[in-house]
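Next up is one chain by itself, shown in structure tokens, the form predicted alone.
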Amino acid sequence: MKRFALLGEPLGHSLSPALHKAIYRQLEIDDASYRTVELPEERLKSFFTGFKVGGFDGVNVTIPHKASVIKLLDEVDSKANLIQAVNCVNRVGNKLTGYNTDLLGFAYSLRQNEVSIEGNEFAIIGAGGSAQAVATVLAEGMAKQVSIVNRTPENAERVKETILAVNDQVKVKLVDEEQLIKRAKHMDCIINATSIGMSPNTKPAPISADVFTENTLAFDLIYNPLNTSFLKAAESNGAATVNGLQMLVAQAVYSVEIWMGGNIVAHVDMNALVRDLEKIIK
């Protein structure tokens, strides 16, 4: 029996166990289990000591451990190392390798929603690990300009550095809400990479509705609730919207691909997985 888990704190509302079980069902894998392990920072080191000698075959990592696990790994994929965020760890023998499948999940969702990156203008709200993943995808895709909105300038500066390290041809601006409103008519896509609006602590949108126009796509990485305050604000100004559920599904499938090997993505019905989770959230 292969054993997998999600590490984080808190994990009370996680959809990952249900999602992974659905993936295994589709693939007709009956010798794999997946569960949550709620773990405070001070217990990470002891967990990884056991993990390394066979406690689990692979783990996903979520808030607040995506950066802190890096020092506990033997190897880190180049992109995960660049953004200093790992959300997937694979064990081969006694060797632990870290990856970031959030990048793959975000890129997949953009493709599925026919969002072109090259030559277009984007804004990222937030500057944490998720924002770093988003920034990397936009830089690789040859975005024309990326504006970053964040309360802490130092964190926003790190996202800017990541973009320029990947592609120094992208114009990057650190802006506030007022400046973003002035650029509204030029915005092709605005991405909420913060946790503001996530269930159960739903809050007002992290940005004014005035940043959106009917030509803007609003992409919220949050998937619960399905229609966040950010997306509602966008809809009020006629913008199209995408939530983070498809990205969640895709990053999970890419994690399974890393753990199991082979082209798992080609053999999974992503849309069916999205529909399954929508029923749970509703």
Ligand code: NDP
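None of these values were measured; they are calculated from a predicted model. Sequential numbering from 1, following the sequence displayed.
Not on display, but discussed next: the form predicted in complex with the ligand.
*Asks:* Where, among 183-191, 170-178, 112-120, 145-153, do residues come within 4.5 Å of the ligand in the predicted complex by heavy atom distance?
*Replies:* Going by heavy atoms within 4.5 Å, the stretch is 145-153.
*Asks:* Would you kindly say which of Gln251, Thr228, Thr216, Asn60 lies with a heavy atom within 4.5 Å of the ligand in the predicted complex?
*Replies:* Selected option: Gln251.
*Asks:* In the predicted complex, which of the listed residues (Ala205, Val137, Ala131, Val211) lies with a heavy atom within 4.5 Å of the ligand?
*Replies:* The residue in contact is Ala131.
*Asks:* Taking any heavy atom pair closer than or equal to 4.5 Å as contact, tell me whether Ala107 reaches the ligand in the predicted complex.
*Replies:* Ala107: no contact with the ligand in the predicted complex.
*Asks:* Hey, in the predicted complex, is Ala234 touching the ligand, heavy atoms inside 4.5 Å?
*Replies:* Because no heavy atom of Ala234 falls inside 4.5 Å of the ligand in the predicted complex, the answer is no.
*Asks:* Can Ser195 be called a contact residue for the ligand in the predicted complex at 4.5 Å between heavy atoms?
*Replies:* Flag for Ser195 set to yes.
*Asks:* Is there any non-hydrogen atom of His65 lying within 4.5 Å of the ligand in the predicted complex?
*Replies:* It does not: once the ligand is placed as it appears in the predicted complex, His65 has no heavy atom within 4.5 Å of it.
*Asks:* For the heavy atom contacts within 4.5 Å of the ligand in the predicted complex, list the residues of 223-261 involved, in sequence order.
*Replies:* Heavy-atom contacts to the ligand in the predicted complex: Tyr223, Gly244, Met247, Leu248, Gln251.
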